[in-house]
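Only one chain is included here, represented as C-alpha cells and corresponding to the form predicted alone.
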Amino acid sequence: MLDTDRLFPLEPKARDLARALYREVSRLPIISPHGHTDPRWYAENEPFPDPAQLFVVPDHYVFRMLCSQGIPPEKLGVARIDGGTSETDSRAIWRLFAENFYLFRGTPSRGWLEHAFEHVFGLTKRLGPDTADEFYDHIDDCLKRPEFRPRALFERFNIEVIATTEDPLDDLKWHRQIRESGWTGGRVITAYRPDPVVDPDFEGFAENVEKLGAITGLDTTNYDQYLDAHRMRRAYFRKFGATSTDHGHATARTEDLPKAEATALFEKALKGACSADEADAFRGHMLTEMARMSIEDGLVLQIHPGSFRNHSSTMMARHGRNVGFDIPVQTSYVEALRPLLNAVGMDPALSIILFTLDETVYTRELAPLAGAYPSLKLGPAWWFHDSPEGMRRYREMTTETAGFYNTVGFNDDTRAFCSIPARHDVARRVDCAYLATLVTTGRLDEDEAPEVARDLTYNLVKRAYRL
C-alpha cells in the first residue's frame, strides 16, 4: 500500500543517495522525548480495547478533520463533560470513520494511519466503507493477542525511551508501577508540565496551587515557598526519569521581575484579580524562574508557545481541553525571550529547546537566536507542521543560520501510540532526502551525509534531552 520510495527526491542520483542514507538510519531505535501517551498503558499492559479506541477516539487530528465536515466529536466517541451523551458503539464509530476516510487524502494523518495499518497490522487494502468491517475485525482480533499489548508493541516499535507528560499534582503512580514491575523492555520517563500551577488563566489555578501545597507540605500562598514547592516536585519527577520540563504558554514572553513585583503578581493571581497582561507577565516571569531551576537541577526547559488553545468556547464547554480547536497564532521571540536570556542565557548549564507554530520566525528569529546563544536549541517542526512539507521547510529555513547541531532531532508529540513509528519514519525520510539534495548540489560532502543522518535521527535527541 505504501510506496517504498515515498518522500525521496525525484532526481535519480539524489533518490539513490536518499535510499542509501535511509537504509543506514531506518532501523535505529526511536527516541521519543516529548509525547503524551498514557503511562497507564505500559504500567498495566492491558490490551487496547478495540480499533476505534486505539485509532479514532484519542486522536484530535482525526476528529478535528471530521468535525470540519459537520461530524461532531461525540459521534466519534469523544466524551462530553457537560452531561451530554457520546457514541459508545465502537463499531459504529469505526464505520463512520471509514466512510469519511477519503477526507484525509494528501494529509500526514493518512500517511500515519496507513503506515500503522500495513506495518503494525498487516493490512494492505485501502480503508473505506466497503472494507470497514474487515479492518475492524482484523485489528480487533490482533488486539486480543499478547504480541499486540502495549509493552510488546513498544518493543516491536524499537522504542528506546519515551517521555510522557504529567503536571506537578500527579502522583506518578503509573510510573512507579512501571518501575516496580521489573519490565526491562522499555524505558518510560515523565516530564514536568507545570502549566496548571504557573498559569493564572488555567482553570482552578488557586485551587491547584493549594493542592501543590498539600502535596509538598509547604505554604504555597507564600511566594518563596511556592517556588520551593516547584523545586520539590521537580526533584520528585527526576526520581522517575524526568530530564525535561514542558511549558505550553500562549506566548514566548519572559520577564525577570524584581521579587516584590513578582510576589504582588502571584498574590493577585491567587485572588483571580490579574488582568490579561498581568497574567501573561507572571507566566513569563515563571519561565525565567524555571530556567534558574533548570540550572540548579539540570532539567531541559522546553518552550512551545503560539497556540490559541480551545478557540471554540462551545467545544470547550462541551468536551473540555484538547478537542482539536487549538489554532496557531503569530508569535514573537526576539524581544519576548530577551529578559530570560539577559538573566541566564549565557550560562552553559542551561539548555532551552524552542518550538513554534509560526514558520515565519524560523529564518528571521529562531535560527539566528539558536545560532548565537549557547543555551538555545531549536525543536523540530511540530504539531500543525509535523508533515513532510513542514519538515522540509524547517530544514531549509534553519540550516543556513543555525546549522544541524543547534537542532534537536525529532519528536512525535503524540497521544496516538501506533503513529509513533510512522512519524519517525517520515522524519527520517525527509531528512535523508534533504541531505541527498545537499550532496547532489555540492553543499555537503557525500562522506559526511551518513554521519549527519545518524545525528539527526538518534544522537542529537539523546544529547539535547540528556538521555
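Start at 1 with the first residue shown and count on from there. Keep in mind that what you see is a predicted model, and the values were worked out from it rather than measured.
The same protein also exists as the form predicted in complex with another copy of the chain; that form is not shown, yet it is the one meant from here on.
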For another copy of the chain in the predicted complex, the stretch among 182-190, 292-300, 101-109, 128-136 with residues bearing a heavy atom within 4.5 Å is 101-109
Exercise for review: Look up in the predicted complex whether Gly403 has a non-hydrogen atom within 4.5 angstroms of another copy of the chain, and give yes or no.
Suggested key: yes
_Under a 4.5 Å heavy atom criterion, is Glu335 part of the interface with another copy of the chain in the predicted complex?_
yes
### Query
Going by a heavy atom distance of 4.5 Å, is Thr88 a contact of another copy of the chain in the predicted complex?
no
Using 4.5 Å between non-hydrogen atoms, is His230 touching another copy of the chain in the predicted complex? no
With the partner omitted here, the residue among Lys268, Arg156, Lys211, His311 that in the predicted complex has a heavy atom within 4.5 Å of another copy of the chain is His311
The one residue among Ala116, Met397, Leu96, Leu218 placing a heavy atom within 4.5 Å of another copy of the chain in the predicted complex is Met397
**Asked** If you check in the predicted complex, do Val57, Thr263 and Thr288 all have a non-hydrogen atom within 4.5 Å of another copy of the chain?
**Response** no
When another copy of the chain is considered in the predicted complex, the residues of 425-451 having a heavy atom within 4.5 Å of it are Leu438, Thr440, Thr441, Gly442, Arg443, Leu444, Asp445, Asp447, Glu448, Glu451
